[in-house]
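Here's a solo chain for you in structure tokens, the form predicted on its own.
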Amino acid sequence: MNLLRTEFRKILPYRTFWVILGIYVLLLLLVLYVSRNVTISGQSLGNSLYEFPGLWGRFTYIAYFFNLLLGILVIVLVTDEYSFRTIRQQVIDGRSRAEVVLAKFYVVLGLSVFSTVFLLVLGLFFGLFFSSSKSFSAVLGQIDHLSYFFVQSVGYMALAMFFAFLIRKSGLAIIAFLAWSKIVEPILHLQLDDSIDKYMPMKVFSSLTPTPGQEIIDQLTTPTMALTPAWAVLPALGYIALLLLGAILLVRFKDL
């Protein structure tokens, strides 16, 4: 708690933090609202997007794309510490190198809690306003998607944190993070057998919030080889632990 309290004392007055977080909130709210106008096979989604209990799977799938923005925020927070040499000062003042990384990881957990709770509030707002079914069982049905989204959010930001400690420059770290997420690993997917490919980090994280209606799509096309959200949790937690350990080792054995 002391580590987290110290981190938030640094973050709360930081304008860039609030700007990026504000963009995240506004964009997610806007996209969830305008998605009702999306047309599929000539038919608008309309209020069906907000129907319980399927709302939770649809909302977490949309929110999944915004994890990249939270990852960029984490990179900025970590690399700024190197730019202003505050990490070195923390170690001089008695904080261990492992605690330096753990403090940032606690921020990751805090941001993941925020994004999950924010998605919960948005889901309840849109669902209770537009859904035709508002029973207790309907509202809570499939709400476990939020727990999968939380793990996914932590995973994306843990990856971003690792690149930040590895590269230490915000611009280069952001490029590396986006390149791995959107270019490098997708290319690797094409080269690997499906039985191995489904265990790749980004594939595991994305499996936590599958495309709504994927089972119908698989009936019409070649079935997608991916873990179910429940089966993806354990390897996702394993990757998070490895990324955290990797960041600790980078800080421990590299000059500050």
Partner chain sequence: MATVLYLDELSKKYGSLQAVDRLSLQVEAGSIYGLLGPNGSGKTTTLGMVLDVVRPSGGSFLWFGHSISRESKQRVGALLETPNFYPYLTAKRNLEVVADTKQADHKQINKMLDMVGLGTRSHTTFKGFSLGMKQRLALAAAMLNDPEVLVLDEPTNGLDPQGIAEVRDLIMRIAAQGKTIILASHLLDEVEKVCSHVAVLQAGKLKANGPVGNILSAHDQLIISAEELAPVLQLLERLPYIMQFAQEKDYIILTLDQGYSSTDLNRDMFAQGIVLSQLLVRRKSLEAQFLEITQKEA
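Positions refer to the first chain, counted from 1. Bear in mind the structure is a predicted one, so any value in this text is a computation, not a measurement.
The next section is about a form of this same protein that is not shown, the form predicted together with its partner chain.
- Checking 169, 182, 85, 134 against its partner chain in the model of the complex, a heavy atom within 4.5 Å turns up for just one residue: 85.
- Only one segment in the set 91-99, 142-150, 113-121, 155-163 has any non-hydrogen atom within 4.5 angstroms of its partner chain in the model of the complex, and it is 91-99.
- Residue contact check for residue 14: one or more of its heavy atoms lie within 4.5 Å of its partner chain in the model of the complex.
- Residues 5, 6, 9, 10, 13, 14 of 1-26 are found to place at least one heavy atom within 4.5 Å of its partner chain in the model of the complex.
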